[in-house]
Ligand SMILES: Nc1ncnc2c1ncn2[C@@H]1O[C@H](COP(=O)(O)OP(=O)(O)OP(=O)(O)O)[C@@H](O)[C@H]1O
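Below, in structure tokens: the form predicted on its own, a single chain.
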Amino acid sequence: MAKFHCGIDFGTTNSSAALSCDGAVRVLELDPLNDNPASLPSLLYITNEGEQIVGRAAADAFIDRNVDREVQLKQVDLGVAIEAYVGGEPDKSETYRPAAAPTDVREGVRARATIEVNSPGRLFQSLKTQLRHTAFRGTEVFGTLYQIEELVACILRRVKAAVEEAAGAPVERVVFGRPVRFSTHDAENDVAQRRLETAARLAGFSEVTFFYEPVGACVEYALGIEQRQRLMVVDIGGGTCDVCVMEFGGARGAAARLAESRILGISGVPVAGDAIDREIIKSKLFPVFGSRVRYGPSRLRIPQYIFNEILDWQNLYKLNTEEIVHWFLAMEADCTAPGSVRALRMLIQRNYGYPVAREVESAKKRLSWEDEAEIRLHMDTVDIQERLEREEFTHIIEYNLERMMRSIEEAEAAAQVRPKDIDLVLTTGGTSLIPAIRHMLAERFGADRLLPRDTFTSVATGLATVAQYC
């Protein structure tokens, strides 16, 4: 029986998998509902009945069941009394007797929480980014506690099922990709990898090996040629920008070329597509929802925390309380832009956060082949039609571009090479298609040395090859 070797690229936004056997590598179809079936959106939707829906179907289920519905919240008693000691000021009157009047008084406060009582389900996205946050151990979903590893495992089980169906046999050994840096803090890097390994084992893989994602993309290209080359990979996906510099000798055959290869330098920064989407929302949509509005006699601004929740759209429903809604209604009666406040209120009440996030991402993608794109959303009183030009977009993400460039320079310094020493720059990951990023790379290395690889599957292909030969 043929022996298959598996490589999995679990991504912040999309995941992919490939199988290698006897030197041939095949990318697997993971999601027939997705525009690109070889790419599985890293989304998980858990219904209030416990059903777990993964991929494009998860997004469709969330939109169908959550958007444009009335949210009902209530306060519940958690059954916990929180004790506190309050230091009292001594009585200074003539009748004051210290022995009879203690200065420390014990008080008890009942712990309460606001919950949504009619939610049909919860959608989780960007779980890979959450792996590094030590404070996020898990969350309760309709009475069931899920650790972060269990949530990730729900997605990986879908991938494993597709792998084993394609192989026609159980597959327990896998090479997983990982970013160069999950985080800028070493401790968080260790936690993230450990959690991802636990998730893989929960999904059914018994032997898990990790390999840097940009190195996997480099292997995917280099094993198909036979000349000596010094290569750089710039891998920019949804959560991280990863860079590696590798050197391959002139040996023939995959095993020999891998044996002669050397990793000269690596670098990475947790800035990529998700961060860029947030910058677009801040710049183009915050004003639509009232960030410049002044209200009341004192002409106050709407608090910033309200807009921070728009960026974290999964928790937007927490603002849909009777108190906040009435506050918005009063604000509409005395403010500089009632329409913007009304749009903000309906965004919260009708749970439009996810459609807004998807439309922003879509406009960003269109700018890869168009000079301008419109962010359009027409739902109830939320009426968005904002034009975004490439030049303005480049200005919006300028800080993100600077951080990416510093990561490239760091990889060059580690490899002790200069831009002219690089034969080819391989690009992969959806965010690498942004024209401003391609222009930045072309200015540094020359457009003739840029070689795009498959946006979503080049890493998985390289990882499957590594699984066979390493």
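Numbers for residues come from their place in the sequence shown, where the first is 1. Keep in mind the model is a prediction, meaning the values are calculated, not measured.
FYI, the form predicted together with the ligand isn't displayed, but the following is about it.
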request  = Counting only non-hydrogen atoms, choose the one of 409-417, 423-431, 48-56, 23-31 that falls within 4.5 Å of the ligand in the model of the complex.
outcome  = 423-431
request  = Answer yes if any heavy atom of E220 is within 4.5 Å of a heavy atom of the ligand in the model of the complex; otherwise answer no.
outcome  = no
N189: touches the ligand in the model of the complex, heavy atom cutoff 4.5 angstroms = no
message = Would you classify F136 as touching the ligand in the model of the complex, given a 4.5 Å non-hydrogen atom cut-off?
response = no
key: the ligand contact in the model of the complex: G290, any heavy atom under 4.5 Å   = no
message = Can you work out which of R195, K364, R257, R345 has a heavy atom no more than 4.5 Å from the ligand in the model of the complex?
response = K364
query = Tell me, which of N320, S368, T394, Q229 has a heavy atom within 4.5 angstroms of the ligand in the model of the complex?
reply = S368
inquiry  = For a quick test of understanding: in the model of the complex, does each of G216, T465 and Q468 have a heavy atom within 4.5 Å of the ligand?
reply    = no
query = Which residues in 436-470 have a heavy atom within 4.5 Å of the ligand in the model of the complex?
reply = T455, F456
